[in-house]
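This document starts with one chain, in the form predicted alone, laid out as structure tokens.
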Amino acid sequence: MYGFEALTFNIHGGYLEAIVRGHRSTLLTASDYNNLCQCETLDDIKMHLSATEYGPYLQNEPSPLHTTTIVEKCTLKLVDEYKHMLCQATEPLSTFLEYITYGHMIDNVVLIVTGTLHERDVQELLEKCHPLGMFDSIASLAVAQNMSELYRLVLVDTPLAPYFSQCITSEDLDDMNIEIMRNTLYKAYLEDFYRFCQKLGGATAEIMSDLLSFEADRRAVNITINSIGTELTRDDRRKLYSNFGLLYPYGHEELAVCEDIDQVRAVMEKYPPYQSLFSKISYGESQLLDKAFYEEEVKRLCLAFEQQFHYAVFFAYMRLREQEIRNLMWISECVAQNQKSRVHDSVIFIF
């Protein structure tokens, strides 16, 4: 019942909520980012990060450093924190935490299937997979020739199995089919996660429904923009949109018939929360759209910490930490490639 979480939440969730709020206080601040942006070499970045929570993970890395090493070690910290929380969690929080990783599982499946299609080495692909999305039989994905084999041989025993029932076809895997598979899986995953959060009720349902609706709307916009000029029909495009969110259902019907970015913009400007987002972007500047969406997402994730006694803080923390790792990757790449003039282009300040 909404408003009564305070009576019982701390019995099972109090310790972990305190842990995650403690982790949140260790996220890099604007002054940290300003210092990182002044760095001349990757070793300077390592030196600055040694005073943060990332220090123990980077301290034994020899010079010369690579961007991939920094990202790998920062991701390892996130994985360690996640595993600690998962070990301590009881139902329904443990299931909620597992749902957070399903998106990475989908990305890993798509990465390996696409890489195999282009005759890349499986071991090399496995190294690129996100550690939060690993599962036992992931290496076996390389043998599948079509969707039904992919499901029958590998994915039937994974948490993604229920989502796959919607996209099993006997068509051979090619780049277009794989992209449709990714979006169909994400649609099923987001809808399932949304239903699970609604079942939990209370503040968790309220905050998570806002965060997941935003994610669903962002995916709808990206699917529309990416499918302009392809052979994807309007009906096929419509089927890839999630059946919830601020744009559902009327916005989806309008997005399905859009034929250029300006039409997408016209649809989105009818919705006040997205009107301000699109007003920052000049006509034809679709490449800035991703950054605008990330900034809006960070703002919403930070607001999740303003309420207590709910599970959305775990989702928000994981997403904010992932954004921080993206920031560090961008800064490291700019420093490594001597492109310091572009260092502020994609850095999104969190607090």
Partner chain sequence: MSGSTVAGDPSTWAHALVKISPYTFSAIGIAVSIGVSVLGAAWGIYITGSSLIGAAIKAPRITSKNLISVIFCEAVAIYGVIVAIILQTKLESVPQSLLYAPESLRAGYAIFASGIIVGFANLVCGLCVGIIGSSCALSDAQNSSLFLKHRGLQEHDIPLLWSVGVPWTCLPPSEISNPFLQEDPYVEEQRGNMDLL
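Residue numbers count along the first chain shown, from 1. Nothing here was measured: the structure is a model prediction, and the numbers come from that model.
There is another form of the same protein, the form predicted in complex with the partner chain; it is not shown, and what comes next is about it.
Participant: Residues in which of 322 to 330, 66 to 74, 305 to 313, 288 to 296 have heavy atoms within 4.5 Å of the partner chain in the model of the complex?
Facilitator: Looking at the other structure, the answer is 305 to 313.
Participant: Since only the chain is shown here, I'm wondering whether Asn338 would be in contact with the partner chain in the model of the complex (any heavy atom pair within 4.5 Å).
Facilitator: Residue-level check for Asn338: no, no contact with the partner chain.
Participant: Against the partner chain in the model of the complex, would Arg342 count as a contact residue? Criterion: heavy atoms within 4.5 Å.
Facilitator: Outside the cut-off, so no.
Participant: Would Thr29 count as touching the partner chain in the model of the complex under a 4.5 Å heavy atom rule?
Facilitator: Flag for Thr29 set to no.
Participant: Give, in sequence order, every residue of 39 to 69 that has a heavy atom within 4.5 Å of the partner chain in the model of the complex, or say none if there are no such residues.
Facilitator: Read in sequence order, the lone residue that approaches the partner chain (within 4.5 Å, in the model of the complex) is Glu53.
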